[in-house]
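Here we start with a single chain on its own, the form predicted alone, put down as structure tokens.
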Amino acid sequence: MIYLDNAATTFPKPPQVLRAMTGVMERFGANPGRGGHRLALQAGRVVEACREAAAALLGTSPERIIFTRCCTESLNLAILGFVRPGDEVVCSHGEHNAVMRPLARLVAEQSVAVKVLQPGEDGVLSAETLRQALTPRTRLVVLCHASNVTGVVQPMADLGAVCREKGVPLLVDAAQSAGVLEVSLDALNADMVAAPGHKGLLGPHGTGLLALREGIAPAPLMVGGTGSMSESILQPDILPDRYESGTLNLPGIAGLLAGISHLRRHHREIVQREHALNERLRRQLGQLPGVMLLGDEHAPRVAVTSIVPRQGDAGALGDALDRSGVAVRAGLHCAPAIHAWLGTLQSGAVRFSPGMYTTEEEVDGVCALVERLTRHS
């Protein structure tokens, strides 16, 4: 199988990720933070080592790194825990349903107003467009850093500077950029950054992160046992305990630590390789008469390429590729807002996302296969 669905989750994982996960379960799979015996303390040290590695990546103090089970949970925690009834939220045309559905819930249940900003023709949101949208009522700006459909990257530092100027907190969805681009809070001028552990950070499924700037304190989504202040029935205010009720995903966090460690050692070569493979893919697919390439040619992008067959169905093309041994993602990619902007809400698209283990020969072979499958067009 040729795997070109790394935008959904990176696969395969570095071998050390698998070794780290099995290692903690074999040697000290106790409950971190839930006991004073040596096994629990060893487990806790793994958790804190991962927290420190993530803090270095995201530019905050370790206690302000919150472990979640996915980027979606991180976004829900940030949005639902921060926005109040009657507030206004500003977001972009490129948001995933992990943002749009929590916002829709707030609109329906708490009379929150949502402004969805439209970009220029190149898919890039301008700082001036954002500036004009902000009002004294705006409680939060939520922006997708890199599109999971077109790969186009937003100028987040400039957009964040506008938010700083206006005193409005910025939440960045770094689902496609964490591990690829600079995503620290300071670099993005952000107040919260949500990231998955299982994509660019090379960790396992079931891991996610939320980084909080000093002074930002959304209400927790869940309360319960934290291993601290057990004498009180009230949720602790100390971080990260305020947000981490229940047993943490020790094997997942161990794998995430190994993934981040591998990424830090090889970041430049991984990013350069994925970029080169994606440009090779775009160049060849863009020459095929039977498909339409999505995304502006000159806009900055991560390693994501989507096409629409000029005849036939995107889902059918995805199925045909699967039968031929190629794994891609066909459909709306849980991002209907950007598909509506692209005019592909009815057709959907086929997304290709190479990873660090993809080869040039695989890219060339897949492009030749797409040409054969769409030749009738």
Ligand SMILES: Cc1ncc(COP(=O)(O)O)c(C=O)c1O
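It should be emphasised that the depicted structure is a prediction, and the values quoted were computed from it without experimental measurement. Numbers for residues come from their place in the sequence shown, where the first is 1.
Just so you know, the form predicted in complex with this ligand exists too; it's not on screen, but the next bit is about it.
A heavy atom within 4.5 Å of this ligand in the predicted bound form is found for one listed residue only; from A303, I79, C144, I253, this is C144. In terms of contact with this ligand in the predicted bound form, the residue from R273, R282, R242, H198 that brings a heavy atom within 4.5 Å is H198. Of the heavy atoms in Q176, some are within 4.5 Å of this ligand in the predicted bound form. N249 falls outside the set of residues with a heavy atom inside 4.5 Å of this ligand in the predicted bound form.
Not displayed here, this ligand is kept clear of L171 by more than 4.5 Å at the level of heavy atoms in the predicted bound form. This ligand is not shown here, but in the predicted bound form it comes within 4.5 Å of a heavy atom of C71. Contact with this ligand in the predicted bound form, judged as any non-hydrogen atom within 4.5 angstroms, is confined among 163-171, 120-128, 282-290, 96-104 to 96-104. Residues of 1-33 that come within 4.5 Å of this ligand in the predicted bound form, judged by any heavy atom, reduce to A7 alone.
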